[in-house]
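Given next, in C-alpha cells, is a single chain: the form predicted on its own.
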Amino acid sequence: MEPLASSRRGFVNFLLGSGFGAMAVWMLYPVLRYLIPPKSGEATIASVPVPWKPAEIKANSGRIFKFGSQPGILVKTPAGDLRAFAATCTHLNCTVQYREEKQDIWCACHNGIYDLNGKNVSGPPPRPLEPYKVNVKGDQIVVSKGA
C-alpha cells in the first residue's frame, strides 16, 4: 500500500504546485505587460511648420509646438535667433518651458535647467535637449530634425 499512497500524494502535490504556478503566471503577466509597453509604430516626422510667423514671436520668448506626437519648444533668443529643441526633459520626460527673466529653458519637475543651446547646465537632466533645425521661408517657420 505504501507505493500507492506516495504516488497519490505525489500526484496531489503535482496538481497543487502546477495550480499555484499557473495562478502566479496569471497574476504576473498583466503586470509585466503594463511595465514593459509594446513598441509603438509611430511614423517618423521629418519636419513641421509651426503656427506662428517670425514677426509674431518677440525676442526673449519661447513657445511650445507639436512635433509629431511629441512637444517641441521654439525659442527666440534676446539677440533674435530662432532655435528649436525637443521639449521633453531628458531626466523624466516632463515638458520644459522658457523662462524670460532668466533666459533659460527650465523643467519644473525637478528644477532642471538648460541653456539657450539646449545644453544641460543644472539639475538632474543627464544630457542636452535634442536640437531641431529652424528654417524661415518667407512668413513661415519650418522646424525639422537633424540640426
Partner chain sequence: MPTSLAELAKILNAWVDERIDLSGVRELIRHKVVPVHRHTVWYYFGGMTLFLFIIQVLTGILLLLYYRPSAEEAFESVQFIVTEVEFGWLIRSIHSWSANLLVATMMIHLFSVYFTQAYRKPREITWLSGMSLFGIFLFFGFSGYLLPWNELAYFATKVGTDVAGQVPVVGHLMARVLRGGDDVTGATLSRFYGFHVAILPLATTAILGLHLFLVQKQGMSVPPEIERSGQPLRTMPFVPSFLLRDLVGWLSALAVLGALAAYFPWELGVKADPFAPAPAGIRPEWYFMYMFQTLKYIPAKIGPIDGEVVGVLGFGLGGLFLLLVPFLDRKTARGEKSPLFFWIGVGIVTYIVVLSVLGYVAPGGK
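Numbering follows the first chain given and starts at 1. Every value quoted in this text rests on a predicted model; they were computed, and no experiment measured them.
Another form exists, predicted in complex with the partner chain; not displayed. Remarks below refer to it.
Annotated contact segment (heavy atom within 4.5 Å of the partner chain in the predicted bound form): 96-104, selected among 96-104, 77-85, 22-30, 53-61.
Heavy atoms of I45 never reach within 4.5 Å of the partner chain in the predicted bound form, leaving it off the interface.
Among residues of the shown chain, P126 is one whose heavy atoms approach the partner chain to within 4.5 Å in the predicted bound form. Using a 4.5 angstroms threshold between heavy atoms, L116 stays clear of the partner chain in the predicted bound form. At least one heavy atom of G68 is located within 4.5 Å of the partner chain in the predicted bound form. Taking the partner chain as it sits in the predicted bound form, the stretch 105-119 comes within 4.5 angstroms of it through a non-hydrogen atom at W106, A108, C109, H110, N111.
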